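Shown next as structure tokens: one chain only, the form predicted on its own.
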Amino acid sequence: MTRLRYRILFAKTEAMRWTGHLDLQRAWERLLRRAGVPIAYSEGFHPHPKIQIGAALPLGVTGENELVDIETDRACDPDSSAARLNGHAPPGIRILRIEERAEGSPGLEKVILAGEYAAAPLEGAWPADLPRRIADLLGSSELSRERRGKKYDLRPRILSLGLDGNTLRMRLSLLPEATGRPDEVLAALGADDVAAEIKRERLVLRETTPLRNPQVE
């Protein structure tokens, strides 16, 4: 059976800020069905729709340029499909663009390198000595942290970190074996008690034929 692959660039906005990765996957399944996109399914006794969301967002974090790959049973026009999807999308999902992928092109798990995040206090400002804390963090050789009972070193997962006015910008690794999280960076800075809006502005890809918005290296 001939299958075609498409990559969808979308935004996960405020209405889905607290929607977890599995629920987002289910939302995509429902959305594709409602929009009449001929999604392909895996074979076997329990077939699953061929949908792959790239790099799960932490709860509470929005994404401006997120990616999902799908496979379909027949060809779809990217522009009209994007329009239909937006017509059926729930609050919190906005389709930006769809592009067809070449046969044999790598999946998202092989091309996503990092994510670029921006965090800003909902009210007021960061602690006055945050620049010093950032310098101390970046100067450290190791940042021992624990996630789900397992210890790991956060430091190599922080690729860049700095203040841009009142916005804390960070580029964090999203490699499967080393994923950085913005909330853990804030905790390492001792700034996790500051209520902040955190968004992932773009994904950094390894590809040579990217969608336009994600940054490519």
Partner chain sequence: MDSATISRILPRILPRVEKPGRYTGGELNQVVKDWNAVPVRIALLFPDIYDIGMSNLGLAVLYEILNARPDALAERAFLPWQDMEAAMRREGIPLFALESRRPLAEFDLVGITLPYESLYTNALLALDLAGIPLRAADRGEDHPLIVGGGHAAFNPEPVAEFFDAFAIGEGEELALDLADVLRRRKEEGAGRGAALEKISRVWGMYVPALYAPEYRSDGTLIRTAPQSGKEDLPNPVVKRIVPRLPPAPVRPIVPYLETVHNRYAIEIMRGCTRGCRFCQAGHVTRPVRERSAADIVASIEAALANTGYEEVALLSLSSSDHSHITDLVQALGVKFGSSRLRISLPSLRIETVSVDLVEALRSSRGGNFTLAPEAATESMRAVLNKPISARQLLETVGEIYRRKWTTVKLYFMIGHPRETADDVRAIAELARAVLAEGRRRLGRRAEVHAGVSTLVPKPHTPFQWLAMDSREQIAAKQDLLRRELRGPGIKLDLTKPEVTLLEARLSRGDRRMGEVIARAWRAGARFDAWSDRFRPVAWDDAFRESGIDPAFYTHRERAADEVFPWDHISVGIRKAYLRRQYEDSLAGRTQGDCRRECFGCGILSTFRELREALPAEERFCPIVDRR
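Please read all numbers here as calculations on a predicted model, not as lab measurements. Positions refer to the first chain, counted from 1.
As for the form predicted in complex with its partner chain, it is not shown, yet the points below apply to it.
Although the partner is absent here, Arg34 sits close enough that one of its heavy atoms falls within 4.5 Å of its partner chain in the predicted bound form. Proximity of Pro47 to its partner chain in the predicted bound form: non-hydrogen atoms within 4.5 Å are present. Looking at Ala75, you'd find every heavy atom of it more than 4.5 angstroms from its partner chain in the predicted bound form.
For the chain shown alone, Arg30 is a contact residue for its partner chain in the predicted bound form, at least one non-hydrogen atom being within 4.5 angstroms. Here is the short version: of Gly107, Pro131, Gly139, Pro91, the single residue with a heavy atom within 4.5 Å of its partner chain in the predicted bound form is Pro91. Stretch 34-42 is the answer when you ask which of 34-42, 151-159, 50-58, 165-173 has residues with heavy atoms within 4.5 Å of its partner chain in the predicted bound form. Contact annotation for 16-32: residues with any non-hydrogen atom within 4.5 angstroms of its partner chain in the predicted bound form are Met16, Trp18, Thr19, Asp23, Arg26, Ala27, Glu29, Arg30, listed in sequence order.
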